[in-house]
Every structure is written in structure tokens, then in C-alpha cells.
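One chain comes next, on its own, written out as C-alpha cells in the form predicted alone.
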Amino acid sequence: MTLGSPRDASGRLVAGRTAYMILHNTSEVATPDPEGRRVLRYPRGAVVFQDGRVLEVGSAAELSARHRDARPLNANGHLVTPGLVDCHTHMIFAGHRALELQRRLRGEDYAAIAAAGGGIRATATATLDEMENRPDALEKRLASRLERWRANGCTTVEVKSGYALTPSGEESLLERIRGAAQRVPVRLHRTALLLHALPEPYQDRREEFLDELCRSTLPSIRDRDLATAVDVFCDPVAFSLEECRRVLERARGLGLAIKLHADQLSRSGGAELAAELGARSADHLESATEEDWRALGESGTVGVLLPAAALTLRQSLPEAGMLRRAGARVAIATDFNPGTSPAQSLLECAALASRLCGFDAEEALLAITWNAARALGAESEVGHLTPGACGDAVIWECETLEELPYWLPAVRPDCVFIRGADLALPAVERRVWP
């Protein structure tokens, strides 16, 4: 059975990949159903893995009788869920912006800091310096961060480019993201964030910048298989609706999936554009209205909430009751970045969103598994433990689903399985895979 392309490290051979195993003695198995509509809960359940896929999920008593030849794996009376999915990160960068946080705490706003040379451009300067002088450092650092995510229960992670800014620089970043994916057995989705901030060399040539992206960069990304999706920052402090539309329509025409940073700092029409173009996701949405969320629901576009960024910028998140009325699918992600969201735990972001929005435990699980996988176009493969899905699972150091959004700091995984294999955690062992 072929489980991934040759370029995908998550499909690489590992010990146990073809094993026939049953994960049993759980307190419960909690998993979204195949359509991501509800959470199925199996008290004292079990999961059977074969050839890196889920073969069956259900009652441990029944499955143990049916799969006597499977190698038993003892969950020690703990909760089992699918591997988590972080569908929005900016994980490849150099440096930090801790001093900017202090400026925000003193009352300066995002736009003022950016205008004074901070913000995205400050990280771009540090990142480009590292690319030029320490070419392997970014790739190794990204691999180490991916290991931290895996140790926290995330088996699928999206990584955006975006901190090189120039067209050629973004392609170089995407190459390094691909290189890091070969170092760790995490399912990594590469996204080209091409409209993040206008690069300095193009300050007086905005139209020329867009021309180059559409004429050369996007076809190159497609032809070289550097990314499967394209993202843009649609906001008055970044790029206009029409600028974003132009790049996204070109990307879509080339067969690339599209995503938007939308309606973060103000309501500027990003969510409406995402719905109109059939984007996979619209992310942030702090300023979106119920009408915007309803449009996302009707189009099938996932709305991705980024609670750590909202907390940093002291913005409000939408109420769960409104989101239920709107009918849109909701995902939660870390938005890990050095400026507004230095958040390194997806589960803690889910716990934060549960408190700020009013999600219950089952809604929170859907938001960091099936719905997040849908935002990446991977919901047939990951985000659930139903037959045929990839064998990515987590045994948590707790007994009930309700505990996942309850504990702070977050519940730790006991074991993390990828393709049905219980892999060592190199992050704990202070090494990079392999």
C-alpha cells in the first residue's frame, strides 16, 4: 500500500509501519466520524492498525476477539484520540520579537510598530541574514520545532513561508521547508505565503511585484512542487482585496489551493473573498461578522481561529453560539510566529478558545482534528481514527475527553503514533530525526 509521495517524509519506512497492532486498554477512544459531523466515543475502546492505516475502531472486547493475531499495545487506561492537526503556522523564521510584545503591553498598536520598522519586516531581516550566512540553520531549527509539535501530539502541521518577502526568497524558504520535512516523520503541508508585506526593493513598484508573482513565481512553485497552497494577508496594513484576488485567482488557475489571512485587524472583506473564491480556509476572522461566517459555511470554507494572536493583540474572539448558528466549520490553530503568536502548544490554544468562545470538549476536538484537516484538504487521510484513515493517534496522560481543554498547562501525550508506529520522540532525546 502506498501511503505518501516520495517527497513526503511522513510516508517514509519506519519500524512498525507494516505491523498489525491493536491499541487496547483505553479509558476511551474519541474520534470524529468520517464526515467530521460529530465525535464518536468508545468507552474502553480499541483501535486496530494495519499497514499504517486504521483497520477498525470500536469496543475493545469485540476487536480483541476478532484480531487475536494483532500485536497488543497497552494504553494503560488513558484517553486515545487522533493525532492533532495544526493548520496554520509561520514556523520557519530566525530571531524573535520579544521587545515588540513589551511595546504592545505599553499600548502601541500593530500598525505603529510595523511603520517604525518592526513587525513582519523585522523578522524578514533576521531570516534573510540567516539564509545568507548560515544556510542550514533555518532548516535544522524548523525540524526541531516540528519535533516539539510532534511531542505535543501534533502529527500533521502546516508551515507557511512568508518571511523572505521577495519572490526568489520565498522560493528559497519553501525549499528549506521541504528539506526539513525529510528530517522528521511528521505530515507537513507547505503553503506559500506570497503576500505578507511588500518587500523593500518593491516599495515604489507594487504593480511590478504582483506581476512577477503571477507571471513567474506561482508557475515555478507549481512546477517545482514547492507548495500545495497559496496564502495572502488581506488587510489594509498589508494587501488590498483586489491585489489578493489577482494572486489567488492566478494560483487557483494553476491548480494550487488557496487560503487567506482575513478580517484580522478590521473587517475589510477577506472572509467574503474567501467564500467567493472557494478558499480552503479563511484565518483569523477577529473582525468578521455573523454574515461573513454564514458565507463561509455556505461555501464550505473553514474558518480558522487563532486565539493566541487575538490574546496578544487584545482582540475578541467570536462566541460559539453565533458560530453554531452560522453553520461554518471552525478550526483552531497556533498561528505560531515570532510577533503576535509565539504559542507552541495547539492543545493550549484549544483550551484558550474553549474558555473565550464557549466551545465544549467535543467541539474543541473537532476544531483541532477533522476541521483543521479540512482546512488543509487532508480530511480523508488524517484528523480521525475511522477505517481507512492514516494510523496517527495519541495516548494522552488523562482519562476523559473533557480533560483535554481543562488542564493548563496542557495535558501531555504518553505516546504518539504515526502510521500506526510508536516512534521515539527525538525532541525529548535532544536530537533531530533520524
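Only a predicted model underlies this, so the values are computations on that prediction, with no experimental measurement involved. Numbers follow the displayed sequence, beginning with 1.
Below: the form predicted together with N-(iminomethyl)-L-glutamic acid, not depicted.
Not displayed here, N-(iminomethyl)-L-glutamic acid is kept clear of residue 185 by more than 4.5 Å at the level of heavy atoms in the predicted bound form. Contact annotation for residue 337: at least one heavy atom lies within 4.5 Å of N-(iminomethyl)-L-glutamic acid in the predicted bound form. Residue 284 belongs to the set of residues with a heavy atom inside 4.5 Å of N-(iminomethyl)-L-glutamic acid in the predicted bound form.
Taking the partner from elsewhere, residue 264 is found to have a heavy atom lying within 4.5 Å of N-(iminomethyl)-L-glutamic acid in the predicted bound form.
Judged by heavy atoms within 4.5 Å of N-(iminomethyl)-L-glutamic acid in the predicted bound form, the contact stretch among the candidates 359-367, 89-97, 321-329, 166-174 is 89-97.
Taking 149, 209, 293, 233 one by one, only a single residue has any non-hydrogen atom within 4.5 Å of N-(iminomethyl)-L-glutamic acid in the predicted bound form, and it is 233. Distance criterion of 4.5 Å from any heavy atom to N-(iminomethyl)-L-glutamic acid in the predicted bound form singles out 120 from the list 273, 229, 213, 120.
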